[in-house]
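Listed next as structure tokens is one chain, alone, in the form predicted on its own.
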């Protein structure tokens, strides 16, 4: 498999030391060119807290091939721990670059997940945004995880890229459960990225992202995200060495076995 990286470990999750460009050129594009198979996870602080609270989910993530630091909280935590990751790698950014590369090189793409109308619109917009893109199939995300017809359908289209938007935990679990059925393909959970591609949700303006304030922009747009912000705050507190040790001492955070 292309691409070997050093890692920074945060709460038992190994994040790879790389940049957007290096990851795409050293791993994703060669994987596609050589018809190899890989499972990519993009993780933010809320995601990592979720792996702590759900050991089965942590095991799924630990079986992926690459975990990318998608969130400035991940980058800042790695700095606090003395093993800094070079930059944030956003899942939607990687998805867009893969779709552009697929359109230029004739790779086959499958969209799995989101609501039916969102799925349809995301595919339609992707074809407009990336002329020549070969989307060989799509399916909404409202199905029973045990439904064997879904992986059979995806497999029948012989995709090179499978983008899975089933939400945190569910998308990663689906990928790991069915990865062995495929001989090739880049598989990645993309969360709410289909909503953005479909025009239902908007990314933060670039200035907010550059100022590391994307989380605040999202909170202003959707105050219900306050629970997610609290998860990020919890994650950061655990990675401030002195505070983290105090929390662990009083049993507020107990490291669970791998």
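Positions refer to the first chain, counted from 1. Predicted model only: the values in this text are computed from it and were never measured.
The protein also exists as the form predicted in complex with uridine-5'-diphosphate; that form is not presented, and the subsequent description refers to it.
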Candidate site 113, 141 and 170: all three near uridine-5'-diphosphate in the predicted bound form by heavy atom within 4.5 Å: yes
Partner-contacting position among 165, 122, 154, 85 - heavy atom within 4.5 Å of uridine-5'-diphosphate in the predicted bound form: 165
Which of 123-131, 184-192, 90-98, 103-111 sits within 4.5 Å of uridine-5'-diphosphate in the predicted bound form, heavy atom basis: 184-192
